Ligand SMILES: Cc1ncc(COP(=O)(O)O)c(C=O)c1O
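Shown below, as structure tokens, is a lone chain in the form predicted on its own; questions about how it binds or moves come after it.
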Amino acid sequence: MTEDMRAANGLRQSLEDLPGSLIRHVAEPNMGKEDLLKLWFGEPDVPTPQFIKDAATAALDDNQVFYAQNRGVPELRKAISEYASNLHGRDIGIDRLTVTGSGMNAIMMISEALMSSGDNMVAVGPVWPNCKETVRIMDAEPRQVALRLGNDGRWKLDIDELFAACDDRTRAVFVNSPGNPTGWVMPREEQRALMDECRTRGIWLIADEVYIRLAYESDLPLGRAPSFLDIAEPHDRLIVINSFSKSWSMTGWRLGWITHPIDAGEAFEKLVEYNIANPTTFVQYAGITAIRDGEDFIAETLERYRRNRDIVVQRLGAMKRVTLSRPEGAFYAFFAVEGITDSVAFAQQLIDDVGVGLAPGLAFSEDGEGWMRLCFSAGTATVSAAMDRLEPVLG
């Protein structure tokens, strides 16, 4: 390690240069404030359903508290295989699945698996920052191709610009659809074009599909968004990230999974071992119940989020200082505010002046400066109250 790679405190310089989360920068000092409507994190304000909690309790009573298989207990991998095969209408075998300790743990392990110093990953943005910062941790370069708001008020990707951003050191392209923070859903024809280009160039495609069950304009079964798993072959260089956090309201449980080529299983088994040894055992048994018995809950949740989205689009979109695209998926409204050049300072101003906690757009890259993200997964009364409070400032 050279001197310029080593920070003054002896740690790697890339870690010293790593930015902290601007969402948490805003949220954590203000978490204890009373009468604050907290719409900054990507989670609902209702707890995990009781039937999932009961399954965890039963697993604890059954002493599922010991080490388990690195890639997940067989019962959970089988349940995920059945769920994914039904969702996509094609076989997703257990040998293509690895359970992870959250979607974030999956993203970190994927960077460890693919990225070396000098490599780069091209991400479609604005996007949740963690996916790019894990690349920096590996001393590789994250690049971004930004979505643009079209004249029809919908987010658009210039697919040729995305291809042009890739070079001979590009190891992966990262796509989050439905997207955080934009609510953008990648159309099927663009998925096909990107999949074909990645095959031709030998580039890995990383698809963050944790919001796949939260699509509002879908004509696909179970109201889901289009997935790369619908069009990929088992040996394609595709890794798809999923999580229990969003669809089953299990953010604090830290459980997810990845779908990968068959021949990548052994490598991910090693990475699980050296990162976490195995996902929390009793939580995995709760995951089995969630995935097998949770369809009614997902359907009810989607309808509640749809109502909330419509309230936000109608009310926030009518405020004079706001430019807002109608979210097609996920549970975020990403909106520009006229006259705002420092979204972090504006987020704090909203907390102080009207008691609404939002995420600053700068957290999602420089392309997000001047924008704010509002999570509408809270209760409908809370979302409506937030509109009441924001209107005097933005109206």
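All of these numbers come straight from a predicted model, not from anything done at the bench. In this text, residue numbers run from 1 along the sequence as written.
What comes next is about the form predicted in complex with the ligand, which is not displayed.
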(request) State the residue from Thr280, Asn308, Asn120, Ser102 whose non-hydrogen atoms include one within 4.5 Å of the ligand in the predicted bound form. (result) Ser102
(request) With the ligand left out of view, choose which of Arg254, Arg224, Arg77, Arg304 has a non-hydrogen atom within 4.5 angstroms of it in the predicted bound form. (result) Arg254
(message) Based on heavy atom distances of 4.5 Å or less, which listed stretch (102-110, 153-161, 283-291, 137-145) is in contact with the ligand in the predicted bound form?
(response) 102-110
(message) Using a 4.5 angstroms cut-off on non-hydrogen atoms, would Ser243 count as touching the ligand in the predicted bound form?
(response) yes
(request) Using a 4.5 Å heavy atom cut-off, state whether Trp184 contacts the ligand in the predicted bound form. (result) no
(message) I'd like to know whether Val210 contacts the ligand in the predicted bound form, with contact meaning heavy atoms within 4.5 angstroms.
(response) yes
(message) Against the ligand in the predicted bound form, would Asn180 count as a contact residue? Criterion: heavy atoms within 4.5 Å.
(response) yes
(request) Could you list the residues in 110-149 that come within 4.5 Å of the ligand in the predicted bound form, counting only heavy atoms and keeping sequence order? (result) Trp128, Cys131
